[in-house]
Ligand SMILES: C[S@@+](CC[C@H](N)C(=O)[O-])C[C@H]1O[C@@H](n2cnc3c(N)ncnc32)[C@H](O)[C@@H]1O
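What follows is one chain in structure tokens, specifically the form predicted alone.
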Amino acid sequence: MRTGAASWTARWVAWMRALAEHLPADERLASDPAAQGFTWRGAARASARPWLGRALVALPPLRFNVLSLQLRTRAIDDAARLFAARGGRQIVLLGAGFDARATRLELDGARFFEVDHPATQAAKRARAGASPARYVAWDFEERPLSELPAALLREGHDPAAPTLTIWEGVTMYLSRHALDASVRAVRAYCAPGSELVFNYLDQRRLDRRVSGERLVVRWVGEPFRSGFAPEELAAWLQTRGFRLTSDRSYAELAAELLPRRRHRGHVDRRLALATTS
């Protein structure tokens, strides 16, 4: 991330969610009306024009990214709704970006805590207006994650109550040290019955030759740094106090959620759910 600037990839995600409003109804899995307000001005104007939005979302590279975002957003939304239906009332957005779940999901009685880089969080708060979320500014690569439980406590987090932690679009940008420290910090503030949901890249994707997407994120100063080998994830989580309960490729999610014509691809992106062990 460029010093003092909001995350480029967070703005990209907001644009992809804004463009999703122009998908056919059977491909539109999650609606985020606020997304347009968090992307670049030119992108916002483009996605606000129906004819242009439909043309953009029809382009194969953009359609693939929009659908990938729809898959992970819907799956995480479903995990949040199920957590709330079971009585959960605390949700931590770790690396929140321009996430709008605090207002979009309308989960009765839920308290949201948004943890993110100070520059990105400042840009969000400048545009978000009134929000029930409680904000915790955090630089994951610089500030000790061991201090996070105390920072959440100061904002009203109850360490004795179950918490759902949403770690969306973050893991691939962190170093292995930051990944380890983050999960250990999550476990430290989590009571029994807590859950962690996150998406990640298959490590084999990062071991291949450099892709166009990888070049772009490197160029904007937010390179891919880490992935997980799916067959090793359960053991990695277990040593950090979590039990892996679900680990699905986006291809599996597509087969469940999207029409058959959109089932291809998405094989090296995955979504995992873990509970406190």
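From 1 onward, residues are counted along the sequence shown. This one's a predicted model, so the numbers in the text were calculated from it and none came from an experiment.
Another form exists, predicted together with the ligand; not displayed. Remarks below refer to it.
Heavy atoms within 4.5 Å of the ligand in the model of the complex belong, among the stretches 153-161, 96-104, 185-193, 83-91, to residues of 96-104. Only one of the listed residues (D180, D139, D78, E147) places a non-hydrogen atom within 4.5 angstroms of the ligand in the model of the complex, and that residue is D139. A heavy atom within 4.5 Å of the ligand in the model of the complex is found for exactly one of L206, L174, A128, A133: L174. In the model of the complex, at least one heavy atom of D116 sits within 4.5 Å of a heavy atom of the ligand. Among residues of the shown chain, V170 is one whose heavy atoms approach the ligand to within 4.5 Å in the model of the complex. At the 4.5 Å threshold, heavy atoms of T165 stay clear of the ligand in the model of the complex, well away from it. Within 4.5 Å of some heavy atom of the ligand in the model of the complex lies at least one heavy atom of V13.
In the model of the complex, the ligand lies within 4.5 angstroms of a heavy atom of only one residue of 61-85, namely R72.
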